[in-house]
Every structure is written in structure tokens, then in C-alpha cells.
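Here we start with a single chain on its own, the form predicted on its own, put down as C-alpha cells.
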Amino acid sequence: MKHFIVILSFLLLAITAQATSLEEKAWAPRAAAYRLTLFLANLDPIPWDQIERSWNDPIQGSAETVSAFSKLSNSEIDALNEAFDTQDRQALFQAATNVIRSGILISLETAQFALGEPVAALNISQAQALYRSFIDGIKAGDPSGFRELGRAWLALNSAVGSVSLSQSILPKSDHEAFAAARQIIEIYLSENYPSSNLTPRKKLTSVPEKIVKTGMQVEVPISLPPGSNIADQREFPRLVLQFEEAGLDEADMPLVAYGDMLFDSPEIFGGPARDLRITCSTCHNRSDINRDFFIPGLSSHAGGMDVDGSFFNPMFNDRVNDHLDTPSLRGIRFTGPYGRDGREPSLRDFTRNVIVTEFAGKEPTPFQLDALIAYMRQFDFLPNPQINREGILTDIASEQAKRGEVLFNKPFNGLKGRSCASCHVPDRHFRDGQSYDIGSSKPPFPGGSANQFETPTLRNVNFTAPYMHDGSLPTLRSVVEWFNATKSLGLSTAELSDLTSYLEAIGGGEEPYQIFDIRASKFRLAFDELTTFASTLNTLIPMQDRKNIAILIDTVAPDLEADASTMINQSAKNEVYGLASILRSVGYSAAGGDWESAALKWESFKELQSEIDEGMY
């Protein structure tokens, strides 16, 4: 029974992504390198250096901190190196696939020789960890083969037997059953992942060879490679909303509440962002930034990515690897123009560009843009008692910071007679609404024009590291040193420290991270937010707005179910599922035009929510 549970959980590894992301089981090193190879080799242009590193270096997210190459034979290493040297995509695919197939076969052979010994079960586990590399392609392309292989893996685990140091009676090894199950797997792998002549594929996937040869179009579920992290960062930024600080209830502001829901909804994006359940808040976590966000091949480091590559919207692919650091959206109503290069003068145009151009979504309706803008304009900065309304340091600032304030306002020859404050204007939230070429990027070709970047606000900057448009500088001190070196400011070591202290003073903020306890839990925060989103049905049902009701239901219902796994009060989990079920029924009625039924079911939702509210933590 134990082996059955192990293999069943193995076969159910693929979990549908939700806005509440669940941590993925760690990958075996070879499996991690293979999956990362498929992902990277499907990008355009192909980042060959990153693919090679994925085999030579340990991969974040692997079960072991060793390289895939350390697990390979010399012939396997030679085949991969030849593919890297020639940058032959098909040869790479063949060599990488051979590594996984042969690894599974060798592990099963070793297990059969060791039946009756503890190492046999270990070898089967290693084979399963490699088989995981192929599982989504097999399941999508050959469901009957997937089921047959699943039964074979179950049979292997049942036949392996057990050994007890206490000599108690345990199941014995079944050599005949093991050999039969092993043969099923070996034949399937040999036929569908041959050692040579894999069919060239426009998109590299693990779909079995016999399915590819039929010409059948197979949609393998979108997935991110090992090492990716799109979950919320572990320290939740504190969200400061203007209406909350004024004591107002978001449920009484339906346009703002609906915009809040859209900000947390993957439904406004196109695939693959929608399929991965990526939302605005995935990157701009609670109006700030998700410092842990990372996708290999798209991000050069955590906290940003190349937003105009081939993965999310091939039509927008500029074929340049230009990682952009995710900007904070705190106080966004004050920080136009928008985009790191200030390309969009209005927040509305910028928002539409993110949805349609960067993430391949459909054109948002005017109502949807109105709602998103209404919500984002509520974002405020963290209060900072070290500066007053004019951006001048208050008495509680340190003497070192006050010396830095003098330097910040001092004209420098290296800045053409201007000061730091000329661009980071204190009484304009430390920005000027302009874009400049400060020398932080290279021209695209000799004699070409380098990109200009808009002046970022320095408010709450302590919490947005790393710095510059590409996140190339890790600390505020390194930013000061960069300007000192590149602009010949001539600052002494003491002055560098003073100016850094000033930036830290104006960049501070009270209570930057959300504080949780037993009842004020992460789930409670999510529950209150999701039920507030749902409250916009009070407006949408009378409007008979099928489209926006569908977006709301498709966002809120699955998130309620996913968030239930994070509850402290697990005994109340079924009540959350009940709420989600009622909400889906509202959607079904609305989709069918039965508005009376939709209204009645919505009343049922509110009644149940009121009854169970106290236990939701």
C-alpha cells in the first residue's frame, strides 16, 4: 500500500497553477537540466550559453546541489558538448532525450539485479524522477500509453519487495512481475524516445515519437522550467491604499473593487501568462515588487525579466536580451510617465500596453481599464516620518543624513552644473517626470542612440533593491559610487557615506511588510480580498454583464479553493469550497442569461459568507 501511495503521488505531480502558487517538488539534476533545455531551446533567439550552464552547474530547484554532467557518461557529455559547440538544436534535443531515456533504463536494470535489497527501491525512485521529465508530453499526446505506463510503475513498486532489519514478515520480491513491468516501460521508451533519428519538431516537447509521426497536433500544458519562482515573496509588502487610510470600505466602491480583482486576475492576459495564472500582482506584489520573481531564460536575476521576448508574446519579440527590473507601483498616480523608459505618458496607455503587447491579452474594454486605473490610483507610498510634505528631512533624521541632504542639493560640474535634486525633485516625490541617458545602457550599434530612462521616485526606495533600470546595482551605496565614478563627482569616502545615509532616510517607510498572526493570517488576508472582489456582483448582476461576471468567477472561485490550502483553521476548509461552488453556480446562471437564478445564488453566497466569516483564518 505504501508503494501505491508513493507512485500515485508521483503520477499526480502536475498541479494546475493558481494565483496562489504552490511550491513544486524538487527535480532530479538530469531531469531539471532536460526540462530547462526544452524551455530555453524554444525561445527565440536561443540562449545557448544558459543551456550549456544548465548542464554544467547545479540548477536552483534541483533536489541535489550537483550538476547534471556529474551524473552522465563520457559519451553523453561528448554528445551534449558537440551540440553546444555547433549550436545544433536537433542534436541537442536528441542528446538530452538520450540522457533521460538511458538513465531510466539503467536505473531499472540496476533495480532488477538488486531485488530484495533496499537499493532496489532507491533505483526505482531514481528512474521515476527521470521519467517525470517525459510525463506531461506522454499524458497530453498518448493518454492510453500514460495509463499503461502508470500501471507498470505501480507494478514495479509492488514487485520490489521490502527488507526489514528486524526480520519481521514483509512482502517478498516478485521477479517475474518486476521483469514484465520493466519490459513494458523499456519497450515504450525505446519506441517513443529512440537513441537516434528523433523527428525534428518546431517546438521541443516530450510528446512521444509515435504521436509526433502521425502529424497530430498536441497541446502540452504550459509549464515553467525548474528554478522558476512566480509565487508571492515570503515577506508580504504592506499595501497602503488611499481609501483604507480614509476609513472607507472597498466593497462600497465597486469600480475600485473590480479593478482590484482584475489586478489579481490572469484572465485579462493571453497564453501562456493566463495558463500559468500570472497576474499584475505576480510581479507588482501588493503594489510594490515581487523580489523573488524569477524565470530562467527571461530573468537575469530575481525581481524582473525581459518583457519583450518570445515567450509571452512572440509578436512583441525584439530579439534582444534586455532584462528590466520590476518597478514599484507605490504612489503611481504621481510617477508618470510610465515604463522604465517613460514610453507611455498615461497610466491608461501603459496598462493597456502591458495587457495586450507584453502579455498577449485581448483588448481590454473601457470599463476594465477604468476599473484598473481607479484601483491603481489608490496606491500610496509608505508613510515616512523622516521627510515632510516638501521632501525635506525632519528633525528625527540623523546628522549624517542631513549632511547628505546638503550634498544632494549641491551642483556638480560632472552633472553639468545640476544637482541630484535637479532630477529627483524633493517636493515632486523625488522625480521630475523626464527621461535621460545617464550612461547606464549601451547604444544598440556603434554611433546609435542609447535608451533614455525616466527618473524614478526615491520614496520607499529602501525596499526596491536592486537598482537601475536593469537591476545591475545591488545597494544604494553602489548607486552612489556608480554616479561618483561615472560623473566624476569627486566625493570623499565620508561624503559617499553621508549621501547614502540621506538616500536611506528619504527612501524609508513605516511598517514595510504585512504582519501576520494566528487569526490575521495570510489566508484571512486573501479571503477578505476575494470576497470583496465578489461583492462587485452587487453591481454586475443588475447590469447583466456576462463578460465581466465570467472574468470575476474564473478568478475568484479557483483562488478561493487554492487559498484554502493555506488556512490555519483547516476544519473550515470545506466551507470555503462551498463558497467557491456557489460562486461557480452564479457564473453558470449568468452565462445562461438566468438573471433571477444568478441573483438568488449570489444571495446564498452572501448568507454563507456571513455565517462562516468568524472561522476564516
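Please read these numbers as outputs of a predicted model, since none were measured by experiment. Numbers follow the displayed sequence, beginning with 1.
Omitted here: the form predicted together with a small molecule. The next part is about that form.
Between 526 to 534, 472 to 480, 151 to 159, 241 to 249, the stretch whose residues reach within 4.5 angstroms of the small molecule in the predicted complex through a non-hydrogen atom is 472 to 480. In the predicted complex, no residue of the candidate spot (Gln233, Arg546 and Ser565) has a heavy atom lying within 4.5 Å of the small molecule. None of Ile541, Cys423, Val212, Ala302 but one reaches within 4.5 angstroms of the small molecule in the predicted complex through a heavy atom, and that residue is Cys423.
Checked against the small molecule in the predicted complex, the residues Ala505, Ile278, Ala181, Val256 give one hit for a heavy atom within 4.5 Å, which is Ile278. At a distance threshold of 4.5 angstroms between non-hydrogen atoms, Arg418 is in contact with the small molecule in the predicted complex. Although the partner is absent from this view, Tyr131 stays clear of the small molecule in the predicted complex, with no non-hydrogen atom inside 4.5 angstroms. Proximity of Tyr436 to the small molecule in the predicted complex falls within the 4.5 Å heavy atom cutoff. Among heavy atoms of Tyr193, none comes within 4.5 Å of the small molecule in the predicted complex.
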